[in-house]
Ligand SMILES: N[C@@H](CCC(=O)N[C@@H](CS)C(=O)NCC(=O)O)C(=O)O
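Next up: just one chain, as structure tokens, the form predicted on its own.
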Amino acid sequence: MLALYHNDMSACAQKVRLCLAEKGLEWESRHMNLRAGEHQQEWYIKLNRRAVVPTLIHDDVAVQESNIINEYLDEQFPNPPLMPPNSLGRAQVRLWTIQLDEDIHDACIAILSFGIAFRYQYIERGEAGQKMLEQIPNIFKRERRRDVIDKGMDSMHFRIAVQRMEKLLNEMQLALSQHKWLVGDDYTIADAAFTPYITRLEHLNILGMIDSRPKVVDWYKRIKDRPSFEAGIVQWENADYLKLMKGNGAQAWPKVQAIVKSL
């Protein structure tokens, strides 16, 4: 039995749902309302001490962290394979995915999302929003988000996030100029892992960041043509969140463009 504690618009949850779809696996949905703080409840922290989604339940085993979950799924359910057959290829996949854990997720795409859209949810909730912020266990993550909630796109963290995304897109353009997918000519966990972050740019109405990288543009088109994109992302899209992100993103795009030009 497979069950997934997840959230509809969470980038980390999206990448696991993509992997599940690529594998053709059936799973039980256990959706978490993050804005209601369900992931910060004591019962869930016993499953996931970092109080984040997703958490995979496989029979009586709980597996945390999206990149680890996807490797676990590939090992437990090897067909079709989503990791290269050789050690070097697998190492290259991990060199891509480790970037997400190092800074792309929390210090880059999350900051872009908060600076453009999510900060308004915290501000509107007043003390309740402050309380939810204070319950974030990771102090670095918490204080970055506090600054971006307070200052929006004027936060130094927002500018750094744009700069980091530019560096990532350049790396993707280079890799995709050499082969069809991020690691070689076969779709892998690396492609699944990075899909939600480019999709988030689209949801934030700043997908124009990829326009000068034709190989990334083509990669994203091919990604969206895969059945897993519909099953792992589109079917779970939250209309309220899309409205929040796209509406504020349209206003934010000139500011993002100005930062890019200044780099």
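Numbers for residues come from their place in the sequence shown, where the first is 1. Quick caveat: nothing in here was measured; it's all calculated off a predicted structure.
What follows is about the form predicted in complex with the named molecule, which we do not show.
In the predicted bound form, every residue of the candidate spot (V53, H105 and R145) has a heavy atom lying within 4.5 Å of the named molecule. Only one of 222 to 230, 59 to 67, 23 to 31, 208 to 216 places residue heavy atoms within 4.5 angstroms of the named molecule in the predicted bound form, namely 59 to 67. Contact annotation: K15 falls within 4.5 Å of the named molecule in the predicted bound form, judged by heavy atom distances. Using a 4.5 angstroms threshold between heavy atoms, A11 counts as touching the named molecule in the predicted bound form. By the criterion of a heavy atom within 4.5 Å, H39 is counted among the residues contacting the named molecule in the predicted bound form.
K141 belongs to the set of residues with a heavy atom inside 4.5 Å of the named molecule in the predicted bound form. D101 is the sole member of D101, D154, E75, D150 with a non-hydrogen atom within 4.5 Å of the named molecule in the predicted bound form.
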